[in-house]
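Presented as structure tokens, the chain that follows is alone, the form predicted on its own.
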């Protein structure tokens, strides 16, 4: 079940197309070169979550690529059109992956895509896609994941030195990320945490990294939530940022890298967080258990409550 809505100047609220028929030109530079950007957000009960954070990051990615994209209000109208059509097709009553997720309610994936357009044209191609979330994501956030550490092949200062690598932008060039996931699956793992060539913890192929320490009990309890620093050339996480805001209000101490792999192994819990899968607890990294199952479960439950409120 998929709905496609193209952002077309002739249609103020977007143009719905048949998702079962060809809709993209074979000469579009998004298809031929991966020259474009995208965002994926979760909608719950027909309402997109963190929409302004995603539109802001889309605009930031567009600036990095010197790509002209539609204005936020144009995106919002097209998103509303797509979600309404998805609900009319029966998607509005489908809970993600067959059951309500950590966000509560019926879930849908809303994807925003912009390419540089057809070869020889100056007009970008832009569309909204709405579909059901994958079942695997729900299972991973409920059961946890096993992760491999993989060297990304860049040092942690390359983003500043070589901005043309677009390391802080969410581009369509995901072949390397997908290859990393295939490597993990072929080696019995579920996901990957990238490290830099100089030993810094970076991010997952489609997620941000979080770790936590919990010390003390009762009124003396201290909880720290830490994520890698952005200056290492990672994508700013919309879900990580929203969770940090909620965690700070709930009394958590917050921290930003630099982090090294040993920090992950010393943590009481580690998660990969993203907009669709949400918070996936990491059970093992390179075969080593992270913390203990009861502490992981307790901290995950606490953070899931904060996510649901964001």
Ligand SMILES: Cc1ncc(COP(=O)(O)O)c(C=O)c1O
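Positions refer to the first chain, counted from 1. Just so it is clear, the model here is predicted, and its values are computed rather than measured.
The form predicted in complex with this ligand exists for this protein as well; it is not shown, and the discussion that follows is about that form.
S.K.: Counting only non-hydrogen atoms, which stretch in 122 to 130, 75 to 83, 156 to 164, 235 to 243 is within 4.5 Å of this ligand in the predicted bound form?
M.R.: Selected range: 235 to 243.
S.K.: With the partner left out of view, is residue 61 within 4.5 angstroms of this ligand in the predicted bound form by any non-hydrogen atom?
M.R.: It does not: once this ligand is placed as it appears in the predicted bound form, residue 61 has no heavy atom within 4.5 Å of it.
S.K.: Taking 4.5 angstroms as the cut-off for heavy atoms, does residue 29 touch this ligand in the predicted bound form?
M.R.: Residue 29: no, not in contact with this ligand in the predicted bound form.
S.K.: Is residue 177 a contact residue for this ligand in the predicted bound form, using a 4.5 Å heavy atom cut-off?
M.R.: Yes.
S.K.: May I ask you to state whether residue 144 is within 4.5 Å of this ligand in the predicted bound form, using heavy atom distances?
M.R.: No, residue 144 sits far enough from this ligand in the predicted bound form that none of its heavy atoms falls within 4.5 Å.
S.K.: Identify, from the list 116, 170, 200, 138, the residue with a heavy atom within 4.5 Å of this ligand in the predicted bound form.
M.R.: Checking each option against this ligand in the predicted bound form, the one that comes within 4.5 Å is 170.
S.K.: Who in 39 to 63 is close to this ligand in the predicted bound form, meaning a heavy atom within 4.5 Å?
M.R.: 54, 57 sit within 4.5 Å of the partner.
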